[in-house]
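A single chain comes next, written as structure tokens; it is the form predicted on its own.
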Amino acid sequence: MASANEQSVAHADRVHQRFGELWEQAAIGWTRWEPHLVGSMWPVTHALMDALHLSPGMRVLDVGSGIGDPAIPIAAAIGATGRVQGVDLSPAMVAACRDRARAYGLTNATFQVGAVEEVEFAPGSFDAAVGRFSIIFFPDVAAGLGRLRDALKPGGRIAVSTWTPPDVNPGFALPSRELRKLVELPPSDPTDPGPFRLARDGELAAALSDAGFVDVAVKDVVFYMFARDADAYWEMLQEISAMFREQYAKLSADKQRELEGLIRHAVEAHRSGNVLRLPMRARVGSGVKPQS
């Protein structure tokens, strides 16, 4: 019988492989839709950066960098004397980060493939740590946050974001809501790695406090996912959400057409003039590593 540690390692490996593959599949879509995604999510990026109290010369660790947000705007904010180290499970996402950093002329941001539990860095080597929608995919949230705490200097700051529950996050929940009209989906376990982990009130603050952070603060951030029309939204959804595409592929051709029609109709309810503006709600939590 495998020991508890062996079981934990095996679980972490499965989670890393699962979500690494999903983000690898989505990387091309995220790169293609960069203007929409960066433009839509800037309120979350801004809230994270604000919570870090950035200043020139800081060293910042970005976990789950995606295509480079918030690592790239952070690198610009802390200047040439600062340094950002980004980490992501997907090689394609890391390649996108490097391409974007070069395009912006940033030489103070480096990116590597890996999981936060496995990346080598000296304890106390960072002034700040950040993760935009990444800690929700940690195999073990407590262990992952503990690793980030250890990476920080005393007095270092952390800022992370999660999603809020579906009932207050209509834009994000829309595809799954429409899918459930056609097929019976098993209820999601809010403790499993996934989009709605740490979504319930109090969970993010408790996770940060339990990990040893003080001066913990949590606030919700409202933003909008934009699309020109239903055609653009449908195309973007299929390209940036590997999880949705995976569920969609399991449907019959008739069910696929029906789901597409339901989603196109649902997003039009969020039309504002010449644009679709789907309301989303994120949760940003921050804290400080104690001085001693």
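Keep in mind it's a predicted model, so treat the numbers as computed, not measured. Numbers for residues come from their place in the sequence shown, where the first is 1.
A second form of this protein, the form predicted in complex with a small molecule, is not displayed here; the remarks below concern that form.
Q: Although the small molecule is absent from this view, report whether G114 comes within 4.5 Å of it in the predicted bound form, heavy atoms only.
A: Output for G114 is yes: heavy atoms within 4.5 Å of the small molecule.
Q: Would you classify H16 as touching the small molecule in the predicted bound form, given a 4.5 Å non-hydrogen atom cut-off?
A: Output for H16 is yes: heavy atoms within 4.5 Å of the small molecule.
Q: At 4.5 Å between heavy atoms, is A101 in contact with the small molecule in the predicted bound form?
A: So A101 does not count as contacting the small molecule.
Q: Mark F133 yes when one of its heavy atoms lies within 4.5 Å of a heavy atom of the small molecule in the predicted bound form, and no otherwise.
A: Close contact exists here: in the predicted bound form, F133 approaches the small molecule to within 4.5 Å, heavy atoms only.
Q: Heavy atoms, 4.5 Å, the small molecule in the predicted bound form: which of 209-217, 83-91, 146-154, 177-185 makes the cut? Say which one.
A: The contacting stretch here is 83-91.
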